[in-house]
Ligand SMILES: C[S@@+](CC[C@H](N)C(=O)[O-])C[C@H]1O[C@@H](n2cnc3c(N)ncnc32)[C@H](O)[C@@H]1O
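Just one chain is shown here, as structure tokens, and it is the form predicted on its own.
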Amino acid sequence: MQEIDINWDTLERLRNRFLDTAKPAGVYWQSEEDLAHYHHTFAARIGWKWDNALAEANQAGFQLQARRILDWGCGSGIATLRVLAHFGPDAIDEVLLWDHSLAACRFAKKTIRDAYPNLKVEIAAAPSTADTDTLVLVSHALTELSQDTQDALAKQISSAAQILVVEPGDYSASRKLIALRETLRTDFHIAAPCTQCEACPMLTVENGRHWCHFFGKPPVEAFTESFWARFAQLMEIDLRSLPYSFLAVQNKTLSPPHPSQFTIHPSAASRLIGRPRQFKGYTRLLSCDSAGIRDLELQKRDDKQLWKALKKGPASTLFQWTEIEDPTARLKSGRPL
């Protein structure tokens, strides 16, 4: 898997720095070697989250409508690399990188150009305003921003054509992402994960304990390569669990997104939040759609096929619930989309 000899002491130091929330956010990297070790391990796992988020956004109709990427807080460049792999390098004319670490920008530039030699890749001198032909990428950065800095970021990217954000799947990151969504929704269509574009229902008092998060599927090599087994053991990371939050939006000056892999209108779909909770003979699940946040219960005997799909772990988090009993919130039938 790895193209370098991994220094496990370096990874341990980086991991401890990531987990030390008492320290103010700052530059993690001490050297180019730090960035290389990070890129082949922690960043690779973030790349798996991007792969899952891009697939979900694509199903909801998010298609590339920009020719330029601005990778804000680029780190080692993993977000740009996954987006280029997903859409193809011919879809992008230029990549602009910005990070508070100049060393990270330089590493990302070299890594991206090594992978795509014909692609124009530049480093921004300062956080720049996104142009109308730009796709903005933000990856695992919001939790490090003060509210003032996040407000400034929202202003900087308010003219972008499209925005993709992928963050950790914890409560704090999700709530920061919801706040960004609320700032952007006046000027942007919400393509995913939301199936409706009104105020986020998680902002109501009764839903304050919930957060918008999903669990991606790691690639096969996470379970078949000895390197990843050792990485998981030494870094105390469960590679089977890949929680993330994400947001895909596009400017209202562009055509609204259209679902690409199912026939119903997005407003008729429901998004499965988190993981279904399995009990003997029934499943409980958190659903978000035009009706709001609902804690639904599915009896195995009511729809055995749907029950099995939820237990197995569906390929997508989009569903169509075809029958729900009110006010008991008992789900009688449905299907994955």
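Numbers for residues come from their place in the sequence shown, where the first is 1. Model, not experiment: these values are computed from the prediction.
What comes next is about the form predicted together with the named molecule, which is not displayed.
Item to check | Residue among Gly169, Gly216, Pro257, Gly73 with a heavy atom within 4.5 Å of the named molecule in the model of the complex | outcome: Flagged contact: Gly73.
Item to check | Among the candidates Ile46, Ala36, Leu296, Leu272, the residue which, in the model of the complex, approaches the named molecule to within 4.5 Å (heavy atoms) | outcome: Contact with the named molecule in the model of the complex is made by Ile46 alone.
Checklist entry - So in the model of the complex, does any heavy atom of Tyr28 sit within 4.5 Å of the named molecule? => result So Tyr28 counts as contacting the named molecule.
Next on the checklist: Against the named molecule in the model of the complex, would Ser139 count as a contact residue? Criterion: heavy atoms within 4.5 Å.
Outcome noted: Flag for Ser139 set to yes.
Checklist entry - So in the model of the complex, does any heavy atom of Trp98 sit within 4.5 Å of the named molecule? => result Taking the distances in the model of the complex, the answer for Trp98 is yes, it comes within 4.5 Å of the named molecule.
Checklist entry - Do Thr253 and the named molecule share at least one heavy atom pair within 4.5 Å in the model of the complex? => result Taking the distances in the model of the complex, the answer for Thr253 is no, it never comes within 4.5 Å of the named molecule.
Item to check | Contact test, all of Trp211, Ser316 and Leu318, partner the named molecule in the model of the complex, heavy atom 4.5 Å | outcome: No, the candidate spot makes no contact with the named molecule.
Checklist entry - Of the listed stretches (141-149, 84-92, 218-226, 198-206), which one has a non-hydrogen atom within 4.5 Å of the named molecule in the model of the complex? => result Looking at the other structure, the answer is 141-149.
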